[in-house]
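Only one chain is included here, represented as structure tokens and corresponding to the form predicted alone.
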Amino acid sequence: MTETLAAADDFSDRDAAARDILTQNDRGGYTVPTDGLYPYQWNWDSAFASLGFAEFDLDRAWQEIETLFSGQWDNGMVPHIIFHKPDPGYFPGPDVWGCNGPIASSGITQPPVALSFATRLLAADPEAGAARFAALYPKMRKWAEWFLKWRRDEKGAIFVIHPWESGRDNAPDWDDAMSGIDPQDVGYYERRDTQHVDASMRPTKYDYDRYIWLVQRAKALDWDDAKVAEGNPFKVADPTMHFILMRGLRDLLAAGEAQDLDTGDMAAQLAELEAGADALWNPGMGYYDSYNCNNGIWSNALSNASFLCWFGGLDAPHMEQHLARVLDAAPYGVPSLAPFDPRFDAKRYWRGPTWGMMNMMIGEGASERGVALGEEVRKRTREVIGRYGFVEYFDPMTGAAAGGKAFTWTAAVWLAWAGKEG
């Protein structure tokens, strides 16, 4: 396997720069992912931000998650975007979503890393965090139960009803389901993302038309969970969501027991998710994968989400050889898609680039399960961020910066994990 990148560079100034980015992107109780491109609070971006703040301001870290849960819907769903302040130039804004939550928001969720990260804030100072964790605890349990009620298929796998819900917007995992959507009536719109970032690094218009069509469909159904899922041409079982929810339930259960809080039937729910993970094993390819719930077609995509199995708590020894192959092919961390896949595109969003926060979950999970390559993933993440900056994502073959600049979660990942010596 390729050796670790040279570690001789002096990255001693990176901690201060990372803290500055978090501070600059702070909007008072919540952070934006980056100025301009993403002007609101994004769900899993915000959770990662809390880990960054925890390295130098634990109170502010708690505020980040508390503000996120201030947008929780009555049914337990925590939206993927919360529109705290108007920004008329952003599309799709609150009028396009047409939602009825306590704060203007989108109508879909995102991977629930906040469930796990709240327990890390508690662990950082159990005495100071006990009351704040206890206040969040029933809200977090309600969110987890919403997933189990409305986002679990008959095989036990967690599915998504929109590519944005997965957090991996234009991954090849969605190609089959997206091909079944005819967005002819979607209408005219102007995207903001391609005004800030080179269009070659973003989802195509083909993708975006279908994103908006799915939003319009759900809005017409008044965001009724049952109606939105029923007959939805986009319903895909997703390793990202499944493994992160598994991790969240496990962490909540352990913290709830330690704090003498009511854990209810969380142990049984966790066992069901662990059993449901078997549905995500693609026997033809020999790795964890996504599949179209409507027709059973596998994505056949060895993605960075495939390696979240360890973060979810599985041993998954067969995945080690796949990680070794991917790291052999890509020197700058774990790419969104294996470079030997013909659909690989080194710079286009979730079809190839390396993401620091995915690397963190892969690396941490692997190390926790005794997989030596977990530390290799951390070292490579340290090198690529140290050399190329706190950008949204990176070319996994060259390390070149890509996407938005001064990015919150990349800075947070540096402070909480990548920048630390093993």
Ligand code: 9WN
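Counting begins at 1, following the sequence as shown. In this text the structure is predicted, and so the values were computed from the model without any measurement.
The same protein also has a form predicted in complex with the named molecule, omitted here; what follows describes it.
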| property | result |
| --- | --- |
| Segment assignment from 242-250, 160-168, 130-138, 303-311: heavy atom within 4.5 Å of the named molecule in the predicted bound form | 160-168 |
| R202 within 4.5 Å of the named molecule in the predicted bound form, heavy atoms | yes |
| Non-hydrogen atom contact W350 with the named molecule in the predicted bound form at 4.5 angstroms | yes |
| Interface membership of E64, the named molecule in the predicted bound form, 4.5 Å heavy atom rule | no |
| 4.5 Å heavy atom contact, G365 to the named molecule in the predicted bound form | no |
| The named molecule: the contacting residue among Q110, Q269, T119, S105 in the predicted bound form [heavy atom, 4.5 Å] | Q110 |
| Interface residue in the predicted bound form among W281, W146, Y90, W298, criterion: non-hydrogen atom within 4.5 angstroms of the named molecule | Y90 |
| Residues within 4.5 Å of the named molecule in the predicted bound form, restricted to 30-46 and counted by heavy atom | P33, Y38, W42, W44, D45 |
